[in-house]
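First come two forms of one protein chain, each written alone as structure tokens, so that there is a structure 1 and a structure 2.
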Structure 1
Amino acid sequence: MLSKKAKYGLKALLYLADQPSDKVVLIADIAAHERLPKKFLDMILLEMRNADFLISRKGKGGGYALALPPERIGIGAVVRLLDGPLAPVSCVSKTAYRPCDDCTSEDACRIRRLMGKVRDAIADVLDTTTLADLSRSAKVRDFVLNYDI
């Protein structure tokens, strides 16, 4: 499951990616346009800033902007930050491996092997998509909608 936190985080990033780069945007702005609870968004943006996906400026004229070009922000990385590991069980996680407490022999575990495949399938989608891909996908669609009739 994708939590609201991750969903809101992605929406905020997309909103920023759609702005002219290097423009700083108010949290309140993002919240209003994307219809997100402002205070909750505070937290999420802060977390993404601490992970260096965003930069912020305090005080009057402050706000948030992407710290990197959208091509360099992977969706997998964002989801991992906000929701934790992609793997359905910790014992197949590549970024946050932890043995599961109830398993005796890890490589005899048939469930583990299957869940490893699931992990890889998920990671394959999310780690090969960047913010730029998503941002672009909107423009393509707009183009189709507006001109391709």
Structure 2
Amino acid sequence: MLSKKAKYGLKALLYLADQPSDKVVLIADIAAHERLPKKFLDMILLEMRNADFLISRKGKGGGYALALPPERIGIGAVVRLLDGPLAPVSCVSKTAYRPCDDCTSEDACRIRRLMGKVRDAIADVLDTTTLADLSRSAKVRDFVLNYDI
């Protein structure tokens, strides 16, 4: 399940992707617009800055901006950064493998085989989606659903 941390991080990235590329945004503005808790968002944005997804400027006119074009920010990388491995069980994780305590044979475990397919499907969707894709999909949806005359 996607944590609030990853969800809030993605919301903040989408907000920043929708801004002009030369604009830095205050954390308070992101938090207010996306209705996110500012202190929690502070921690998330710092973590994303340390991973080189964001840049920050201090002082007057400071704030956060994307460090990379939205086309170069993979959703899978962001989710892994904020939530850790994508695998639903540790015995199928590619980055945090741990054998199950109750399993006598990983090769014969039907649950492990299924969870491996789940991990692969999740990774395929997240790793083939960029921030730009996600940003565009929201704009297309908003455009289609806007019936104002």
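Predicted model, so just to flag it, every value in this text is computed and none were measured. Just so we're on the same page, rigid core means the largest C-alpha set that superposes within 1.5 Å between forms. FYI, numbering is relative to structure 1, first residue = 1.
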> Which one here is the form predicted alone?
Replying inline: 2
>> Is the shift of residue 49 between the two structures large enough to count as movement, that is, does its C-alpha move by 2 Å or more after the core is superposed?
In response: no
>> Core superposed first, then measure: what is the displacement of the CA of residue 113 between the two structures, in Å?
In response: 2.4
